[in-house]
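Alright, here's a single protein chain in two forms, structure 1 and structure 2, each given by itself as structure tokens.
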Structure 1
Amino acid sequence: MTRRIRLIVLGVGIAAFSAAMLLAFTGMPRFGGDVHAYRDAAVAASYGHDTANAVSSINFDQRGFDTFGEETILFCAVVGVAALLRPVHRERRREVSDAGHVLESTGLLVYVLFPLTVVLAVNVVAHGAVTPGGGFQGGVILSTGIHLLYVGGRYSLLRKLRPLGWFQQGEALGVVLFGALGIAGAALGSALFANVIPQGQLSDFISAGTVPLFNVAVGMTVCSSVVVLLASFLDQALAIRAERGNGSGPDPRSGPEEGTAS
């Protein structure tokens, strides 16, 4: 293909995209107005399936296939980052101790906040169908809450409480569970990602049909993904060092053999 043809194809694509965007923007409701067809339809559908949290209903009930794509993108992105950050053949892992200095007030605050954060995360995921929150938010809270131990200078304890093999499997299991719930809708005679189980009573803890199950699946994936991601970055910053004498010159990150987590 010549340069002239490529420019013609590019120009046609830009013109078509511009025309489509122009039609879309000119057809949108006026900003700040009280007419919003999508909002009205989404809220009505949320109440129709007894889901008090309209956002969770939109994410998992009304556009579950889109959310499955977003979850898969997160999964693939974390796998790619973890692969890039793993030790290469000229690097080795060293032991990291807890010998760093941490203020007593910081350590005490971590011990108070750690269990509270874990409980809060479980609550956000469990009530994602009836209150603001859900699997995305709860997964991030839980994963970052676990890493409060690092802030408190307990890196060795953190490594014991977050066995990476479990979280690596949990990340994949969450994606598989989400996909299986979506296929179950089609297998039971409805549409893909359809809400096919009884919805219960609006605002009850057990309500909204499949929405709580999707929240759990997303919570597993998000929590596991963030844990794997943070573990990879911490390993690179604290534990992984280039081998000496490999002919590549001194490693600017090299330090004492026994490092600290603080």
Structure 2
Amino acid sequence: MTRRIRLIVLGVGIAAFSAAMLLAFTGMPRFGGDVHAYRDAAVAASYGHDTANAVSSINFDQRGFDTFGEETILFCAVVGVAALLRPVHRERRREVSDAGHVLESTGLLVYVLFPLTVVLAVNVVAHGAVTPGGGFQGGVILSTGIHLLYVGGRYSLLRKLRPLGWFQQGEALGVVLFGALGIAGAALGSALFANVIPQGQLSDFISAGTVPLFNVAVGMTVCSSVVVLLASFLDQALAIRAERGNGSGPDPRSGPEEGTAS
């Protein structure tokens, strides 16, 4: 298909899609109106289980099984990336030094922000059922905080503070914990992913039953996933180099080593 034909097909597709969307939107309820049937049902259910954060209640209580599937997608993607980014033929891993210049202000900022980010992440995960936030958000914040060390120019420090094997196991453990909590709901209560723990008082720190536990499991998985993902990509950018010359056949030195072996 030449470029010209492709553009024509694109134009026809965009025109047809726009027309269909225009038709659909004119038949939709008014924007910003006050009729939200799902909202009313979800808020009632959220109140029923004393969960202050309705979004957390929907994610981990009302449709916990869906979230389990979502977490599995993330897990599989990380496994896929780790498999794709192993060192291949004629590649070797080299030692990365901390050479290079980093502005002093950047270094200072990293030292100030690193502990703050970690504390913020723990806070966001722990209060996931009470305030805005939760496992997904907190996990991403935590992994970002860990990678601030790389921004500060300390790749070797990042590698020391980030034992990759632990994160690989932490990721799997998070998924297992999530599934186990769901099965516990089936064993102790009425249904899979049922909220079996007493829910306490709305907007107390200990409230909402199983929702905080799910938050911790998801936070673990998401943080470990992002760490493993970024480790694979950083490894590609910094540590893995193609062998010089065009030697044929696999190189005995290029086997999987620490880090990407899974």
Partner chain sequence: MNHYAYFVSVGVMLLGVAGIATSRNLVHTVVCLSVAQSGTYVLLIAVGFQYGGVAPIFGGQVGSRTPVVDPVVQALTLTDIVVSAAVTSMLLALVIQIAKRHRAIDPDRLGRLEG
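Residue indices: 1-based, along structure 1. The term rigid core refers to the most C-alpha atoms you can superpose between the two forms while keeping them within 1.5 Å. Note that this is a predicted model, so its numbers are computed, not measured.
Asks: Two copies of the same chain, shown separately. Which of them is the form predicted in complex with the partner chain?
Replies: Answer 2, the form predicted in complex with the partner chain.
Asks: Answer whether residue 60 and residue 173 are in the same rigid part of the chain between structures 1 and 2.
Replies: Yes, residue 173 belongs to the same rigid part as residue 60 (C-alpha assigned to the better-fitting superposition).
Asks: Rigid-body comparison between structures 1 and 2: how many degrees does the smaller part rotate once the larger part is superposed on C-alpha atoms?
Replies: 54 degrees is the angle the smaller part turns through.
Asks: Using a rigid core fit, what is the CA shift at residue 32 between structures 1 and 2, in angstrom?
Replies: Once the two forms are fitted on their core, the shift reads 2.6 Å.
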